[in-house]
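Below sits a lone chain in structure tokens, taken as the form predicted alone.
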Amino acid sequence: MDLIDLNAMPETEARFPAFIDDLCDKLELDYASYVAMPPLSGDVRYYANYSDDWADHYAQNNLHCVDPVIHKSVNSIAPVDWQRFDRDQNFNLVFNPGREFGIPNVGISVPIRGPYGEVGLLSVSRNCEKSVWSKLKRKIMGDLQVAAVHMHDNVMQSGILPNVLSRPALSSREKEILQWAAAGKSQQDIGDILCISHRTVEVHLRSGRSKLNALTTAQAVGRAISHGLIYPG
């Protein structure tokens, strides 16, 4: 996936909506949103490509107070498929009127947690049959996790946590292995290329994930790219 590189764009707020639009275009999605909730400043940041009509309805009715996309996903450490939400009163308050605005009730949210308690949430959706969504979700999950980390880190560095998020100190081997992972190589492939065991590869990946505060290798790759430690594959 060749998404807009936020690091290479002028440091203006316009780059974040542009990234949202590019993400939808590249991953065959209809809508995407990102919200950052840093505890240190309380400066919530939000970007989305929903229609103005829906955004106005959402704000006027304080739907953020009941939206399961926020309240269920933000407490998770793994991506949350919206199909897992209970069809309860809160769900209906958000998604029943959402149908009138063309808002899908199928989607997925990817939570990103940083080292200082900040939380980011990238949510995407598409109007389609559940069977189509199931196939698309499997296809885009890895790219979506990388995109979530890239978006989160750039938003965090744009003023919410100035001078707090330091550049992680990866070893040369950790960077080398993450670079091969970015190129789509498996642990076994990387071991063969570097003439080391796949278990040694896993040790370095685990260490790299820890230093980058990433839960998955895909997130670690995305975060390493954002910090300029490796390059897109």
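Remember, it's a predicted structure, so these values are computed and weren't measured experimentally. So that there is no doubt, residue numbering starts at 1 and follows the sequence shown. Basically, rigid core = biggest C-alpha set you can superpose within 1.5 Å across the two forms.
As for the form predicted in complex with the DNA, it is not shown, yet the points below apply to it.
Participant: Honest question, do Q188, E202 and L205 all end up within 4.5 Å of the DNA in the predicted bound form by heavy atom distance?
Facilitator: Every residue of the candidate spot has a heavy atom within 4.5 Å of the DNA in the predicted bound form.
Participant: Looking at the partner-bound form in the predicted bound form, is H57 within 4.5 Å of the DNA by any heavy atom?
Facilitator: Looking in the predicted bound form, residue contacts with the DNA do not include H57, since no heavy atom lies within 4.5 Å.
Participant: Can you tell me whether K26 touches the DNA? I mean in the predicted bound form, with a 4.5 angstroms heavy atom cut-off.
Facilitator: Result no; K26 lies far from the DNA in the predicted bound form.
Participant: With a 4.5 Å heavy atom cut-off, would you call S51 a contact of the DNA in the predicted bound form?
Facilitator: S51: no contact with the DNA in the predicted bound form.
Participant: State yes or no: in the predicted bound form, is some non-hydrogen atom of I196 no more than 4.5 angstroms from a non-hydrogen atom of the DNA?
Facilitator: Residue-level check for I196: yes, a contact with the DNA.
Participant: Counting only non-hydrogen atoms and a 4.5 Å cut-off, give the residues of 3-27 close to the DNA in the predicted bound form.
Facilitator: Contacts from 3-27: none.
Participant: Could you tell me whether the Cα atom of I190 shifts by at least 2 Å between this form and the one not shown after core superposition?
Facilitator: Yes.
Participant: Would you say whether L178 is displaced between this form and the one not shown, judging by a C-alpha shift of 2 Å or more on the superposed rigid core?
Facilitator: Where the cores coincide, L178 still shows a C-alpha shift between this form and the one not shown that is 2 Å or more.
Participant: Please say whether, between this form and the one not shown, the C-alpha of T200 moves by 2 Å or more once the core is aligned.
Facilitator: Passes the 2 Å threshold, so yes.
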